[in-house]
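First, one chain by itself in structure tokens, the form predicted alone.
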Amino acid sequence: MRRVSAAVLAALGAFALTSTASAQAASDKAVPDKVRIGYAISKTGPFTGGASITTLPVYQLWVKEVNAAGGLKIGDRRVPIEVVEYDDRSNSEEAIKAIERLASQDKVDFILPPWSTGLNLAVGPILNRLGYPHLAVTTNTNRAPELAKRWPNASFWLGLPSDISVEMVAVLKTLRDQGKIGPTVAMIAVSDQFGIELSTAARDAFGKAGFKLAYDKSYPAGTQDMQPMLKDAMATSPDVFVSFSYPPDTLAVTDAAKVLSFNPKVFFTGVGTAFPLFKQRFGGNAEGVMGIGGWNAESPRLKDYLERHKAGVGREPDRWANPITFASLQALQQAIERVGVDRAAVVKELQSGTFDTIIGTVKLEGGLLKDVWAVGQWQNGEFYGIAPSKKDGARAAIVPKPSWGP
């Protein structure tokens, strides 16, 4: 057996030390000093209300909590988040410009989505081309399965308009079969993609379920005077009134119904019905109003999130897309902490991984989150989920809605 000389052993030891140091240096280099996250959000314009309740406070709370814990845990280090923020002015052109600027000039590591279906669809192609994960949380379109294939970096978290409409009609059919309501429906919808897709799906579902759509009207976005439409709807004596509307319209529609003493047995509005602003605005008159969304108010995780949101933001979250938005950021965080800041790897992890979030265990199917609330109702000061009825925490619908009070 040959003896290895001391000189050779020394050389081998030096090589090993050098290799270890090089590997450590490479590892350290792979972990950045900070993770830059950018977004363009509606701080001005007609989308401000929705963005300021559903999206922006969630971004702020998440970043605050992550940085308070020392940052994102990448490898053996904690890395703080640095935010770059722009106002998209509720305008698709401004949103696209901001995304381009975030990527090319600010060189952010990740880009968070805007608020609304329209703006997410506008920036979707850009984010896909640039290779950024696109958490299209507030996008509600029946094209989501097709878009998830076209934009493989995108994920959709609110279900489909057809799912919302079908679940809503299923609730109404059960109530009709129980003899609590009749078959007559009046429906209005904002005339953009959101309103068109929801009303089209509802129209089909109403027909299949044997309801009579006695009034069916669309209105331009930005309409302020809702009384003429509600007077026409009221003239049909409907058992059910449905309004697929954006938050300012939802408030205006409800105000008009109160003024006109329009009291159908079921009053369904949204988006915006799940907002705390709706309860603050209408107080006891919110009782019995149905709308899009809902949550399991008895969930310990959501109770904790509610308190954290109030403490961190100064107000309550909405009971639909706000907690889902936070859950999407938890999924993004867990993906980054598993695979690092490589965007392609993060996209792959988001699409295939399983994540622990405030709304429970999340796993996307074909780029879609499918287990979501469709219909909720204000009951005793809380907006409970009532459909799908199989979800944990689902409540039975209370009908008829109490008459409007002072």
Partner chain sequence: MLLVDILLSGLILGGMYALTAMGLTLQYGVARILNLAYGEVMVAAAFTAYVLFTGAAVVPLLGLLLVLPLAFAANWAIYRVMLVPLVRRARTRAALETDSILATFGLLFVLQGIGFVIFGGQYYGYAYLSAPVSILGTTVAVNRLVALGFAAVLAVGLYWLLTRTRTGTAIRAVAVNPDAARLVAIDVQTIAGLAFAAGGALCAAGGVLVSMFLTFNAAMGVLFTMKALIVVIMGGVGNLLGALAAGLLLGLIETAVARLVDPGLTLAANYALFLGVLLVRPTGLFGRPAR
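Positions refer to the first chain, counted from 1. All values reported here derive from a predicted model rather than from experimental measurement.
Note that the form predicted in complex with its partner chain isn't included here; everything after this is about it.
Undergrad: Identify which of T200, S218, T174, S237 has a heavy atom within 4.5 Å of its partner chain in the predicted bound form; exactly one of them does.
TA: Of the listed residues, the single hit is S218.
Undergrad: Would you mind picking the one in E93, D225, D76, E146 that has a heavy atom within 4.5 Å of its partner chain in the predicted bound form?
TA: Of E93, D225, D76, E146, the residue with a heavy atom within 4.5 Å of its partner chain in the predicted bound form is D225.
Undergrad: For L130, is any heavy atom within 4.5 Å of its partner chain in the predicted bound form, or not?
TA: L130: no contact with its partner chain in the predicted bound form.
Undergrad: Using heavy atoms and a 4.5 Å limit, would one call P46 a contact residue for its partner chain in the predicted bound form?
TA: It does: once its partner chain is placed as it appears in the predicted bound form, P46 has a heavy atom within 4.5 Å of it.
Undergrad: Is it the case that G50, even though its partner is missing from this view, gets within 4.5 Å of its partner chain in the predicted bound form, heavy atoms only?
TA: Yes.
Undergrad: Contact with its partner chain in the predicted bound form for L213, defined as at least one heavy atom pair within 4.5 Å: yes or no?
TA: Flag for L213 set to no.
Undergrad: In the predicted bound form, which of the stretches 66 to 74, 369 to 377, 38 to 46, 333 to 341 has residues with heavy atoms within 4.5 Å of its partner chain?
TA: Within 4.5 Å of the partner lies stretch 38 to 46.
Undergrad: Quick one: which residues from 259 to 273 get a non-hydrogen atom within 4.5 Å of its partner chain in the predicted bound form?
TA: The stretch 259 to 273, when checked against its partner chain in the predicted bound form, contributes V259, L260 at the 4.5 Å heavy-atom cut-off.
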